[in-house]
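Let us start with two forms of the same protein chain, each given on its own as structure tokens and named structure 1 and structure 2.
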Structure 1
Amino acid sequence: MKHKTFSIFYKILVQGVFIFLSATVIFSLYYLISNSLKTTNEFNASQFSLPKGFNFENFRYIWTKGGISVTFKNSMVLCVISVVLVLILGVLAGFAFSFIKFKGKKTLSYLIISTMYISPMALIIPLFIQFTKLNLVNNYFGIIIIYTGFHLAYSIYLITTYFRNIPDETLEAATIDGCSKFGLLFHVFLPLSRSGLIVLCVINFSLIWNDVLFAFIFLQKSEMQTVMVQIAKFQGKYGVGNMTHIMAALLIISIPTILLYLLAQRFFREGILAGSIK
């Protein structure tokens, strides 16, 4: 009998916690979406009510007059170039770590993995002074270098794990067939770890897309800004007056990462398993 009351109590507790968390998620999404479709008058009347209809005026305003179209494009360009660069460097390094035995491998692996955790903020001052000297502030080349550097360690780690998972027999067969190192890389390693690499690109894209710190410090001209920074600054600038515009903007910048995750979900489950657990 005692056991039974306990189990009921436990079930209520579990459902309570889950329902509370789900409510916070659903409510914040509802708040975001419904208010982005309201006019300012509607918003002032009630923040909770459903919008009267599909009014995309906020989106149109924020996209054209708000200047999101420009910064959105900036973000896209930066993200894509950085992701590709990380992928190229990461694949080359991952190939060396998973396939070749060389002197200093262990030390080098520790040095590289520790860059993953080094505080970005602690390096902001030297990077900023250095980049000012080299004329790389307000320069896409500069920030792409930074993004690539800061996301390499994690990527190399994941790529090495993926490459390790390729069965020995495949490699043997390819070597016997007379495959060169580059041949192995392009014809065996890359195709066989395709889903892992897709996951990696999605993760890197969303990390770079979400970055505020580097873009905030290194891209100060308003026409060069990334969309995240523009919106972070937006909030301070307009205050509560243009809430509906901000909500529309927030929705727009959420779309790329959410879309990517959903599209890559199939690959994602395998990828996250391979990466997180050794």
Structure 2
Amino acid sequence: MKHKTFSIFYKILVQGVFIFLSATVIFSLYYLISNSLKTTNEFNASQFSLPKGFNFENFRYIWTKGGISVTFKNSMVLCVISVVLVLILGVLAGFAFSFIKFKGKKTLSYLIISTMYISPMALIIPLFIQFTKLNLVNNYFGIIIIYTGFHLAYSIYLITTYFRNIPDETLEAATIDGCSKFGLLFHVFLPLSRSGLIVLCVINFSLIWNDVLFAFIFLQKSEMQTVMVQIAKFQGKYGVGNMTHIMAALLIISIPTILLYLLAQRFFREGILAGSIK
């Protein structure tokens, strides 16, 4: 009886937490969208009411005069290139660690995983000094190297986990059919790990898209900066007097990640299950 009561209480608690989180997300989106469509006078009168009309002037101002269009393109290019590089390198490394036998494999995998525990804050000054000497500050190639390096370790770890969960019988059958090592990678490993790889790409894209620290330090020229740095500048430039502009900018930069999560939502459960331990 006690176990049944506890089970019911646990289910109610879990459902309550999910309802609370869902309500928080829905309210945040409502607050962001409604205020981005208001004039400054409407916002000052009431932050929680519906807008009186569809005022797109805030978006037009932010996109043109606010410079969001340039920084948005910069962020998109950096994110796509970095995510693709992380995926390619992660897949090749994960394939080697999960399938190919070579000396020192376990030691090398531990060394790669250990880099996940290094704080990015501890590396900013050494990286900045080194990148300055190599002329990689205010250089897209330099920031791509940083993004790729900091997201590669856990990507290799997750991809290796996905690949190791592929049944040995499947690999043996493909090998008997004459499949080469790279044939196994492209015809067995990648298709069976598709969900996990898509989830990993979405997570990496979100993390890189939302980065402010590295973009602010290593891309100091205004025409090269990312959209998140531009938003930080907006908050200092406009303050609380033009919150409708800031809301419009926040809504614009939220669109890529929201669309990615909506498009990839069906892969999240499959990806989590694919990455679970046998």
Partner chain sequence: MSACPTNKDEKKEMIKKIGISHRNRLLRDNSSAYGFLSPTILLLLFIFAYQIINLLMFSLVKWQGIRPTNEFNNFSYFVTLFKQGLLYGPLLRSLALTAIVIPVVILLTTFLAHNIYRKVFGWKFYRWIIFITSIIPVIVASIVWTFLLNAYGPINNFFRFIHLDFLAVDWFGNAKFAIIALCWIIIWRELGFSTIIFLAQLTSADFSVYEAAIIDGANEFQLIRYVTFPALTNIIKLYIITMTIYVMNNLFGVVLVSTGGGPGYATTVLEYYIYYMTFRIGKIGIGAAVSVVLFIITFILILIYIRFTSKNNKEGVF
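We call the rigid core the largest set of C-alpha positions that still match within 1.5 Å between the two forms. Source: prediction; values computed, not measured. Reference numbering: structure 1, starting with residue 1.
Student: Kindly point out the structure, among the two, that is the form predicted together with its partner chain.
Tutor: Answer to the question: structure 1 is the form predicted together with its partner chain, whereas structure 2 comes from elsewhere.
Student: Does the distance between the two CA positions of F48 reach 2 Å or more between the two structures, the core being superposed?
Tutor: After core superposition, the C-alpha of F48 moves 2 Å or more between the two structures.
Student: Report the rigid-body rotation angle of the smaller part versus the larger between the two structures, as an integer number of degrees.
Tutor: Rotation of the smaller rigid body relative to the larger: 20 degrees.
Student: K101: how large is its C-alpha shift between the two structures, with the rigid core as the superposition reference, in Å?
Tutor: Superposing on the rigid core gives a C-alpha shift of 2.9 Å for K101.
Student: After lining up the core, report the Cα displacement of F18 between the two structures in Å, one decimal place.
Tutor: Its alpha carbon moves by 7.6 Å.
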